[in-house]
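What follows is a single chain, given as structure tokens, in the form predicted on its own.
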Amino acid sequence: MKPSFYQFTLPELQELFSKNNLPSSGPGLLFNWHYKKRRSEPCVVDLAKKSIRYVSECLDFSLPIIDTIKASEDKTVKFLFKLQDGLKVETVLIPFNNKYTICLSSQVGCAMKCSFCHTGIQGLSRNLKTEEIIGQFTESQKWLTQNRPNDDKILNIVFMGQGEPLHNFDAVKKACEIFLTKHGLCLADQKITISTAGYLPGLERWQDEMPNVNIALSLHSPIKEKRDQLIPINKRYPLEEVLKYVEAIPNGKNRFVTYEYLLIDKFNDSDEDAHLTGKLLEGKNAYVSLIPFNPFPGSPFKRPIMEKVKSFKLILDSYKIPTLIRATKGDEILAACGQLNSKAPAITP
């Protein structure tokens, strides 16, 4: 079976060309052609004949196929991608100011079993390969360019879709390296954010291995008993241990940790919860994203009223912690935070 072109970082492709005695200019040309120029057809421009032959015979360029598309009135788009083995995974384009953030999945399902997350009840089927992560971006970008040509810029990547990204560390790391390379998409490292529930084995590797991208931690409660219920791995990887690694990650001016706090009605939205959160994060290089819970079929939780959300924010403000209430987008097509599940029945907007 041919290896996928989209699994290679630029240095890896350069090594492959070197081993096969091919001109060293080829890898940069291929990255520029398929990533920067967004071309699907084989590259023949400026590529040596023996490189063209090798690429044609020895590399695979197939990508995940868009199975279904759902679009909401607010311009959120949810793709269901079909992979080569028949499994499926969801990806979301989130609109803002005539641009988009793409929410990528890193696994088919998830093993973390977070009780607030629709993906959590799906279970884990397998990790995504690097080329399957890359393919979500490239195929979503092509769809945008074809269908919304005047509104097709993807400026941010967030690994907040299906799966725990740090549970699939190697593929996520390679995907980030490909997104960042100057011959490819050439994204700035602060435009990529990886969200984690607090998977400690991945956090332990971050400083030495992960590119200088942003991190977001699913906090949701500073109270052990509540966080245990929401995020079961908290029992194995306690918050205090997780924070030691997370707080050491931001590198550079104006870089910080995003703490995601999912507000659930009458569970973790009280003034006491807010004050405990404020005391936990006070003085840290922190930014809080407050997320009103997004209901999904079978969930026992409910979204709090907006007055409660605003009250929670005001308390965090009193601790001088930058806090933003995340706008809910795409919830009518189950595309909002925590609603992804590629085994769920299709929702017609």
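All residue numbers refer to positions in the sequence shown, first residue = 1. These numbers come from a predicted model, not from an experiment.
Missing here is the form predicted together with a small molecule; even so, the following discussion is about that form.
- The closest non-hydrogen atom of residue 100 lies beyond 4.5 Å of the small molecule in the model of the complex.
- Residue contact check for residue 293: one or more of its heavy atoms lie within 4.5 Å of the small molecule in the model of the complex.
- The small molecule in the model of the complex is approached by residue 160, whose closest heavy atom lies within 4.5 angstroms of it.
- The small molecule in the model of the complex is approached by residue 220, whose closest heavy atom lies within 4.5 angstroms of it.
- Highlighted residues 31, 64 and 185: none comes within 4.5 Å of the small molecule in the model of the complex, counting any heavy atom.
- Of the candidate stretches 71 to 79, 234 to 242, 125 to 133, 257 to 265, only 257 to 265 has residues with heavy atoms within 4.5 Å of the small molecule in the model of the complex.
- Contact with the small molecule in the model of the complex, defined as a heavy atom within 4.5 Å, holds for exactly one of 176, 117, 108, 246, namely 117.
- For the candidate set 168, 277, 140, 196, a heavy atom within 4.5 Å of the small molecule in the model of the complex is found for exactly one residue, namely 196.
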